[in-house]
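This document opens with one chain alone, in structure tokens, the form predicted alone.
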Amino acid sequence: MNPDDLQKNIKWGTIVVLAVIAILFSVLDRSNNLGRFFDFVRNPLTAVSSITTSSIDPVADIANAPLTLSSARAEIEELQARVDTLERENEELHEIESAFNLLQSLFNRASQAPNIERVMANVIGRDPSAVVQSIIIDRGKGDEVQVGMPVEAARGLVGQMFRTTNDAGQIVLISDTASSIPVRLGSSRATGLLRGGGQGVPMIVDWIDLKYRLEVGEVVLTSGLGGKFPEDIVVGRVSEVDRNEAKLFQRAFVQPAVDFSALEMVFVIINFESVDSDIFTDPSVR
């Protein structure tokens, strides 16, 4: 090969190499890898180490994945246990608040009539039979509770003691058919005898004179007549009036003030000042 041909081949070879390098730079620049190329040129060992580390990291992440999932599961279980504990404590606080509100209501009721002696009792049972509507309390003869004593709750009259043992008692509710209570209507001032209607039947005040204008919603209270109940204990409200001008009397249906199914605590009234009416019933008294 003569010198002219060799020089020509070197010239064209140099042009091809430069063209390849230019194309390579263009490709690296478009793929954002030009910086890595210069890093490799400046420090080949660091570039190789970086590439090796980046390729190993995913493998390490995969290897550590089971441990990470196990830790996350354990943390979730711990958080769930804390949530359960907080929910239980929240329910306990609600129960304490409800008990406090109930006691506060009973205290307020007792303070309204300080001249009446009461014994507080817990409701421990309910009569499941449909024959007698009654509840059972944890007070009896040992607590000076006797048959016939009236029983009230924070919202109003509950009933009357029916039977007692030494440490328990049965209360017949005012809604029972055997119950009969002298009452007075708050607005019209009409008086009458409140009778229980039984299961699912409203209480009724019968034999009310037509001269009284009864109103739905007026309060029904004990009148104190007969001496078996203190006066002015709330019994309920008039829910309906049955009035017919062709009849001699009218009657009122009464919604009780107390929710008997939700009773937890009651007061047994063991002593109160009743109206002395013996002078009108005993002929020997003049």
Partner chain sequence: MGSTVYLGLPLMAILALLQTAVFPRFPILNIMPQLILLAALAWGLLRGVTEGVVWAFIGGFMLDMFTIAPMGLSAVSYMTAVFTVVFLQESLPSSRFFAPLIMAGIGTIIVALTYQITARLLGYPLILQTFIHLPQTILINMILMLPIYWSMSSLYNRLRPRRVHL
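In this text, all values refer to a predicted model and were calculated from it rather than measured experimentally. Numbering follows the first chain given and starts at 1.
There is another form of this protein, the form predicted in complex with the partner chain, and it is not shown here; the text below is about that form.
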(request) With heavy atoms only and a cut-off of 4.5 Å, decide whether residue 172 touches the partner chain in the predicted complex. (result) yes
(message) Since only the chain is shown here, I'm wondering whether residue 190 would be in contact with the partner chain in the predicted complex (any heavy atom pair within 4.5 Å).
(response) no
(request) Classify residue 269 as contacting or not contacting the partner chain in the predicted complex by the rule of any non-hydrogen atom within 4.5 angstroms, answering yes or no. (result) no
(request) Verify the contact flag for residue 167: yes if a non-hydrogen atom of it lies within 4.5 Å of a non-hydrogen atom of the partner chain in the predicted complex, no if not. (result) no
(request) Determine which one of 137-145, 78-86, 209-217, 192-200 lies within 4.5 Å of the partner chain in the predicted complex, judging by heavy atom distances; exactly one does. (result) 192-200
(request) Have a look at 71, 115, 129, 108 for me and say which one sits with a heavy atom within 4.5 Å of the partner chain in the predicted complex. (result) 129
